[in-house]
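To begin, one chain is listed below as structure tokens, in the form predicted on its own.
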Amino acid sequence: MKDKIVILILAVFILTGITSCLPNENNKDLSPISKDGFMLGTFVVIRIYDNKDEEILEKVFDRLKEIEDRMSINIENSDVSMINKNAGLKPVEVHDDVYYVIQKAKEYAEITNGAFEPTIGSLVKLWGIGTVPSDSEINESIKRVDYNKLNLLDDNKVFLEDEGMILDLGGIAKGYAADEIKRILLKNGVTSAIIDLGGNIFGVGSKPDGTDWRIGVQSPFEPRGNHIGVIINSDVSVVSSGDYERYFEENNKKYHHIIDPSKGYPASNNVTGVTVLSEKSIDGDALSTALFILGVEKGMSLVEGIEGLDVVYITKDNKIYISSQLEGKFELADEELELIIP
């Protein structure tokens, strides 16, 4: 659950700041009710602006706990852990929601030709030590990375073909969780809310005054709190991945956390940050890492072919590429950067 960077801290500041300053023509209290906690390996904040019922927040966090208990690789008896313990041995029956998320994970692995890789767990574990692994260690781990060996069977059964394979839903589970939170909020009459799962932002509906949310995108070139631009939109999921938040240095070289499954090393290209906008957060969550690995040209081509999906690419040479549908919905905040719409 840890592979998406906490990139949009400023976003929540902007959103809540603007909302709290809205004109109060009808003497309504526009401040939100909120609840936070550490779940899914990240800090979670839920803010509700209209239907201020604390019980709704409790329902949200109960569902988050359920998702975590079933999908976390770090919980011993989770469905995912049981799949991994039985890799190469036997299929494991899982809950409906786990089966659905694994289905989506494999779907995006196929769409991205493995740039999104749900069986990357052995490589993630290897690099998680915080030192550069040897070539032999990487080559050995790569042998256990192959989404084609992730089998979805009847009766909600899942099977990893080879012993030692590790399924890791950390690149998609938070997106599914955000979608589930939105579902619960809408079911309970909420039409204006912010879901923040460690930087995975979902602006539910619009601001209380009916205008679009303004979501800041963190600058990779400046300290936290500085943004390169603002996304102006409503009812949108915003998920980001980048090379500048989680990394370590060895022999004066930086190694970030976004591993290219085909090479076993951190992805190496001209991209420093990617932000994906989508109608469903599960889509943006899965694709943000994949688009980083694919790079601008291949990534843009993929995005333009998927309805309801947009992307902001930030490159190391101070350029920002946005997909065509974002024109008019993205404001550049740093004049030193070049905005490009392919």
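Note that the structure is predicted; figures quoted are calculated from it, not measured. From 1 onward, residues are counted along the sequence shown.
Only in words, not in the display: the form predicted in complex with a small molecule, which the text now covers.
For the candidate set 195, 215, 259, 185, a heavy atom within 4.5 Å of the small molecule in the predicted complex is found for exactly one residue, namely 259. Note on the partner interface in the predicted complex: the residue among 231, 83, 204, 173 having a heavy atom within 4.5 angstroms of the small molecule is 173.
With a 4.5 Å cutoff on heavy atoms, residue 275 does not count as touching the small molecule in the predicted complex; it lies far away. By the criterion of a heavy atom within 4.5 Å, residue 40 is counted among the residues contacting the small molecule in the predicted complex. With a 4.5 Å cutoff on heavy atoms, residue 74 counts as touching the small molecule in the predicted complex.
Proximity of residue 126 to the small molecule in the predicted complex falls outside the 4.5 Å heavy atom cutoff.
Every residue in the set 116, 200 and 240 has a non-hydrogen atom no more than 4.5 Å from the small molecule in the predicted complex. In summary, the region of this chain contacting the small molecule in the predicted complex, judged by heavy atoms within 4.5 Å and restricted to 282-290, 295-303, 47-55, 311-319, corresponds to 282-290.
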